[in-house]
Ligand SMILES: C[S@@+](CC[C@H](N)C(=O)[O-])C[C@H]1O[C@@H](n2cnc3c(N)ncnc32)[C@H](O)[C@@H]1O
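This document opens with one chain alone, in structure tokens, the form predicted on its own.
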Amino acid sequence: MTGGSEWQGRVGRAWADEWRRTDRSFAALNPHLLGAIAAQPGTRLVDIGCGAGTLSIALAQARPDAQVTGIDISADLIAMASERVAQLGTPRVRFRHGDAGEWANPQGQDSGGLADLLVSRHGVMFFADPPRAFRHLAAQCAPGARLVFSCFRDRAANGWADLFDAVLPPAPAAAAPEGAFPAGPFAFADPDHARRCLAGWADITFTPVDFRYVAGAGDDPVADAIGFFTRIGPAAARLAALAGNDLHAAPDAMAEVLTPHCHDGVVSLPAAAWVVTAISDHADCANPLV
């Protein structure tokens, strides 16, 4: 389970360092998500769990009249996103370090008004209390604001998730507090559960998207994929728990698993996502932080 504390530490640092390869892994999903966002109105956009800023930057470039605010709990990712915007000279994009579930932007400050379009690429599944967070976000938005995000579907449909089960020991399990919502990449895989989490939002739709998750490329795609999975994804936590001969043998074992997935100079794996849309329901936003 990946929670907020990990994103503020090891996981966030790894994603900041590896943003180019993580962007590559989601490249085939991006057109589906951006297409769904393009169908929605909005000029005051908030990118939830913005990571290294890829979605925020793309939206600012696609909507010349929009102001985009990216929010992420990882200071390392916010620093990287800010650096990228400075290098690109992308106007109308700002980044804020903090928990999006607690974010507030009063009308007339910063963005010039209440947010009218919330977006996220795989950044909404890590709230400790999703109903509270989503109800709060809806309360911060203009009436009729739209929400568009992507998240993973069933673990079984995502071949990258259990790829190394046969060659790496399971990562140490973190005990979740009693009654807690399970956070992590597959927290919203079940649409019925996701609907219960999306308090403050109505007209919720789920569109399935299948895509290829690119893990390795370049001169040695398998070695590139090993380097990627050593930093990103379930294998990273497993490798961090190894030592001695087990750690030394791990790359060869991973290479045997990855080689059959290497075709035409690319290591890619099946992946499955939802693209979710919703409209804010202010009737369900009373006492958003209670």
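All residue numbers refer to positions in the sequence shown, first residue = 1. Keep in mind that this is a model prediction, so the values were computed, not measured.
The next section is about a form of this same protein that is not shown, the form predicted together with the ligand.
- Residues of just one listed stretch (92 to 100, 157 to 165, 191 to 199, 140 to 148) have heavy atoms within 4.5 Å of the ligand in the model of the complex: 92 to 100.
- Just one of A187, V214, I73, M80 comes within 4.5 Å of the ligand in the model of the complex, counting any heavy atom, and that one is I73.
- Interface membership of G123, defined by any non-hydrogen atom within 4.5 Å of the ligand in the model of the complex, is confirmed.
- Although the partner is absent from this view, F26 contacts the ligand in the model of the complex, with a non-hydrogen atom inside 4.5 angstroms.
- The ligand is not shown here, and in the model of the complex it never comes within 4.5 Å of any heavy atom of P221.
- Of the heavy atoms in V68, none are within 4.5 Å of the ligand in the model of the complex.
- Interface residues of 50 to 67, taken as those with a heavy atom within 4.5 Å of the ligand in the model of the complex (partner not displayed): C50, G51, in sequence order.
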